[in-house]
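Below you will find one chain, with nothing else, as structure tokens; this is the form predicted on its own, and questions on how it binds or moves follow later.
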Amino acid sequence: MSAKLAIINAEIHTATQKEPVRGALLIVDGKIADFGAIAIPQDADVIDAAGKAVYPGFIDPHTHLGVGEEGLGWEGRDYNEMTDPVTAHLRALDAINPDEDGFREAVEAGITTVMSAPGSANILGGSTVVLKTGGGLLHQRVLRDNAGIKAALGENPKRVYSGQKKMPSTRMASAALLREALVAAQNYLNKIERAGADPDKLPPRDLKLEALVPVLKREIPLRMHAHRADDIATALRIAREFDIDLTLEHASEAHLIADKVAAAGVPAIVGPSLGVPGKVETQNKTLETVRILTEAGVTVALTTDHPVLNVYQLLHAAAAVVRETGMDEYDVLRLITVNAAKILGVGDRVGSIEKGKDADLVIIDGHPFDYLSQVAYTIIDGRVVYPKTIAE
């Protein structure tokens, strides 16, 4: 296959402007080189997209793809280390099986980027990773090796550790353990800074505390699993106390305190919004959360929380938001493209069709929110990954 790939006769939806651009799109060495009314090099491979639409690859910013393997029981559940409530030093990347079926299903649905994270059994679960859903070996697919530290408040840590007769068995203890870990990391960082260039004064390496240093330096966010409004409020309070960046993950009741979330400047990854409430703290979940937060000025994205919902249902959830809330289709498209990329800190690479960005694209025979639409091609880094070969 040539290093140049052209998509001709295309209706190009950039996700940066509402109206599509008509013409061609040229990919060179895995990047978007140009699009619109452009000339096509003679040495380029060509896909004719007549009657179809081109979109940026879709993004699910909160999954457990690869660390929670489909079709397996205990053997494939590598996302929760339920032996210690504070495991900030764990890395989702170390548990990912790149051959898990969920990645194939994502590619077939046009989902080209995901964040894969540890689960929510622990107060601090470990580091998350942003990666492409196909296109190469696992290390070649990583966009951001450490996209934040997964944290959790609410029922999950309480349920796991009350059963073990240890902290946390209350919301008080959950917050206390989180503060305790952050204070210990602050002390560790202070010792490192005081040591300066003198290696003899450095404290012994502590991987748990070391993992939290980038959070304290605001290099990465704390990615907080929180459903109920009171847990969200606790997360906002702790983030303010320690002056750290925060993302709200799930945010089922964030609409109840939308003004507080907006005032804090905290983004929200909402979902999984389809299906019945699975536990007490999701009883108030509603698709309206997306609309209310968006109107309040919060940066919002959607998630399936795969495998809670299958990753391909990201598009179904987006369609349901349009249908149930009346939000504009373009604004909802941005939830699973531009906004998701921004929240994950990879907006310079993916999330929209712009010159110089990664050529992660979806060619689809209808609107992506139409259940009957079918993906014709999924392209990652300029390579067609679905189907496996280009039709002549």
Partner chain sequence: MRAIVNGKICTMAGAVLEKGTILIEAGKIKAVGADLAVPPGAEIIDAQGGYVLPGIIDAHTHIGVYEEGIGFEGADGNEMTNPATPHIRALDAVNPADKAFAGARAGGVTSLAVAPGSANVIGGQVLAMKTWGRVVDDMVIRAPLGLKVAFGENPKRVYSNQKKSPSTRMAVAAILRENLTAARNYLDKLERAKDDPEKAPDRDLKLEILAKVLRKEIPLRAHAHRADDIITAVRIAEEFDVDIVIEHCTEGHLIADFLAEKGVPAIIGPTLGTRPKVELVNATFRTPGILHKAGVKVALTSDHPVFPVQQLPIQAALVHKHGLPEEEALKAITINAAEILGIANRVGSLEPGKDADIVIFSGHPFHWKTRVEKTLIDGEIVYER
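Positions refer to the first chain, counted from 1. Computed from a prediction, not measured in an experiment: that's the story for all the values here.
This next part talks about the form predicted in complex with its partner chain, which is not shown.
Participant: Taking the shortest heavy atom distance, is Ala184 within 4.5 Å of its partner chain in the model of the complex?
Facilitator: Contact with its partner chain, no.
Participant: With the cut-off set at 4.5 Å between non-hydrogen atoms, does Asp101 touch its partner chain in the model of the complex?
Facilitator: Looking in the model of the complex, residue contacts with its partner chain include Asp101, since a heavy atom lies within 4.5 Å.
Participant: Would you check, heavy atoms only and a 4.5 Å threshold, whether His255 touches its partner chain in the model of the complex?
Facilitator: No, His255 stays farther than 4.5 Å from its partner chain in the model of the complex.
Participant: Quick one: does His306 come within 4.5 Å of its partner chain in the model of the complex, counting heavy atoms only?
Facilitator: Taking the distances in the model of the complex, the answer for His306 is yes, it comes within 4.5 Å of its partner chain.
Participant: Considering its partner chain in the model of the complex, find the one stretch among 89-97, 119-127, 104-112, 184-192 with heavy atoms no farther than 4.5 Å from it.
Facilitator: Result of the contact check: 104-112.
Participant: From the list Pro203, Gly163, Gly297, Gly278, which entry has a heavy atom within 4.5 Å of its partner chain in the model of the complex?
Facilitator: Going through each option in turn, the one that passes is Gly278.
Participant: Just give me the single entry in Thr247, Ser174, Gln313, Thr289 that has a non-hydrogen atom within 4.5 angstroms of its partner chain in the model of the complex.
Facilitator: So the residue touching its partner chain in the model of the complex, by this definition, is Gln313.
Participant: Can you confirm whether Asp78, Asp145 and Ala359, the three residues that make up this candidate site, all sit within 4.5 Å of its partner chain in the model of the complex, judged by heavy atoms?
Facilitator: The answer is no; none of Asp78, Asp145 and Ala359 reaches its partner chain.
Participant: Taking its partner chain in the model of the complex, which residues along 365-382 bring a heavy atom to within 4.5 Å of it?
Facilitator: Contacting residues: His367, Phe369, Asp370, Tyr371, Leu372, Ser373, Gln374.
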